[in-house]
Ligand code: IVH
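In the block that follows, a single chain appears as structure tokens, in the form predicted on its own.
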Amino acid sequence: MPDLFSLPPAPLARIRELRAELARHNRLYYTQAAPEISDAEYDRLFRQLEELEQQHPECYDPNSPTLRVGGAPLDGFQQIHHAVPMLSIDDVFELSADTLAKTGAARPELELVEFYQRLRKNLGRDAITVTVEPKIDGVAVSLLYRNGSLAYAATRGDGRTGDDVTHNVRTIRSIPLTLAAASVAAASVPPPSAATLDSDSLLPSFPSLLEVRGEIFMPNAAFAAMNAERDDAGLPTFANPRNAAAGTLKQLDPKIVAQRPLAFLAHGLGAYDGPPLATEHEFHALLDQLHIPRNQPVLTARSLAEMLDAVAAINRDRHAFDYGTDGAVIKVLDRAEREQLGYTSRAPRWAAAYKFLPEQQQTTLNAITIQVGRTGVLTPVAELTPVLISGSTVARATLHNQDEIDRKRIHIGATVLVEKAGEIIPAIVKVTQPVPGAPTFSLFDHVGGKCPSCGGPICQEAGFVAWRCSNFQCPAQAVTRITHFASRKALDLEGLGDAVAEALVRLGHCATPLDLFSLTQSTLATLNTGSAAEPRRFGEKNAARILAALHAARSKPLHRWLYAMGIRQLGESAAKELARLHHNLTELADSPILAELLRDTRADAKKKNAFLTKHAVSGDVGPAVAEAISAFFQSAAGQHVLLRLAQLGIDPASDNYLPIPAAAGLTDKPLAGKTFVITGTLSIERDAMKELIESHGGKVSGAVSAKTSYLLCGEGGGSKRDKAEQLKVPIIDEAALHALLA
């Protein structure tokens, strides 16, 4: 290690000065929204530091402001064992009016009141002081600082082990890479109700060890702007800010992360070696003095009544926050009392996350329009008088299908109650003021029995509630089929988003997904993805990117092609299982295995079980999937696909062919013959976990059944955990899985 102090003092001193100055301006701009210099002046200082660091490579510091632009792509994420487990917080729920009526509960905050009463009982007194703060809808991370410098950043993972995302986190400009020296009394910033330190008690420059827990998120305004830019560029947009933040943090290329508008707010303490912090307020004072951005507001409540008032205030004000929140987090203020209350195996007893009911508003249903999806399903959509819900204006809500309409007696002109399911998707809860004598809306009558996009016939298949257009050349289906065909989990045609697909169909360049392979550089480069009034040229670079992706798609494995075709009943897991059973698409199109499955299914149970045992077929491929695949390849649409692929010289091959596992000696693999279902948040992405299991002879299914060998459960688990418990399917964590692998 070079001795920095052996350098000439002037360059070293200037490097240190510039790093400190740039860090301060980053803090002023990104955390305090109070910049002191122009962008041009900031860039001048930045370039000066870059030049000095290039001239003096011995001064390298991984936490230099110049490295926030991101480094070289990573091969994969390393694992980090948390110094202190990152536990989750137990949820308590606001009760709905229906639940109150059914249970006879006295108030919607009953579960929250019961939490506070448990605190009273366990601490032996009536008044417990707690803090109340917004529950951020982000990605939980841990930042560990040693001697004032960021050592690493890690995701929660399974609570004990997470992904090392340090390279990505260093690009987030609101996160300090080095801690500022604290020179003010620790009691200078807590609210009036907080316990204070002696007025002359000063913090040291920084703790020798500080692990800060918090949330990485994408601010709402920045998320909207980023999605607009991606749409303009023909790239797929993100569904919501949390998904965008989670996907960005798992990028292997830090340069991509640096371009995304991520932010961080701290809310908890992990490992710590510094002056005692007696209360949560003293911890907040430390964060403020070290310029680590933290969750705000944090309200203090000294009684049950004050706590309920504070929670109501968070609920009232939360839509003005620049991040998603669906609840309030309540924590006992005093850290000694926290230790007295202790922990369960998964969560502290001194904290709870109170989940608000989705906000609901009444409005008028003015009309119902019909959308045609990629599989031809006709979906009714309510057109509403715009109303503000959860901080955004809602003017449309899906009605799902005719059964849903009939059950709720939906009709045009009615006053309806609308909510955002999960604070994201608008939905109609019920009709509150019907129009006297108005008939329930009929989808079939509304469209006159014809597809609103192409005029072709619609049908309602036996056993299904959806009405469907049966015309494969339907232009509405063409757009959605193309975007599905191009999606990441299908053939991953980067740059081919909704706007590009719509333009290709509208201008007559594509009627089906396979027409994409006939596109030329000239056609794509001059494509108008805007309108006649406001044209927007797609451009040569975007065109070249799509053509390169189409060339790469020719050699994609069979299971991705099957998923890309958008065949009903066929999801990712079923596509992979079908690819295991067949060499290529030609063999699958006239599959003797599926014919045998259908024949034995109709025969006696003994034959069916013998077939399933022989091929070790998972529950993802059953009679419904076999019927759907057979029907598709016998249909005009399926025949068109086979003919067009033959003309293109494409016959997708399996990359996991293994029709009879026992014949290949896979019984020697540790997970041979075992079927897994995955749920909850794991230390690695779910696709990577699937590959790990399959590489050791196991199979991964999408649904829990009596034939499931194990449910691999990360944090959470929800309905799949409940189903596994009901069926007595063993539930294991990642540690148990690795024990099986060993």
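Throughout, we count residues from 1 along the sequence that is shown. Quick caveat, the model's predicted, so the values are computed rather than measured.
The same protein also exists as the form predicted together with the ligand; that form is not shown, yet it is the one meant from here on.
Remark: Arg156 counts among the residues lining the ligand in the predicted bound form, judged by a heavy atom distance of 4.5 Å or less.
The ligand is not drawn, but in the predicted bound form it has a heavy atom within 4.5 Å of Asn295. Although the partner is absent here, Leu110 lies well away from the ligand in the predicted bound form, with no heavy atom inside 4.5 Å. At the 4.5 Å threshold, heavy atoms of Pro557 stay clear of the ligand in the predicted bound form, well away from it. With the ligand left out of view, the stretch that reaches within 4.5 Å of it through heavy atoms in the predicted bound form is, among 305-313, 84-92, 518-526, 643-651, 84-92.
In terms of contact with the ligand in the predicted bound form, the residue from Gly571, Gly270, Pro348, Pro219 that brings a heavy atom within 4.5 Å is Pro348. Out of the listed residues Val621, Ala301, Val416, Val329, Val329 is the one that sits within 4.5 Å of the ligand in the predicted bound form by at least one heavy atom. Taking a 4.5 Å heavy atom cutoff to the ligand in the predicted bound form, none of the residues in 506-537 make contact.
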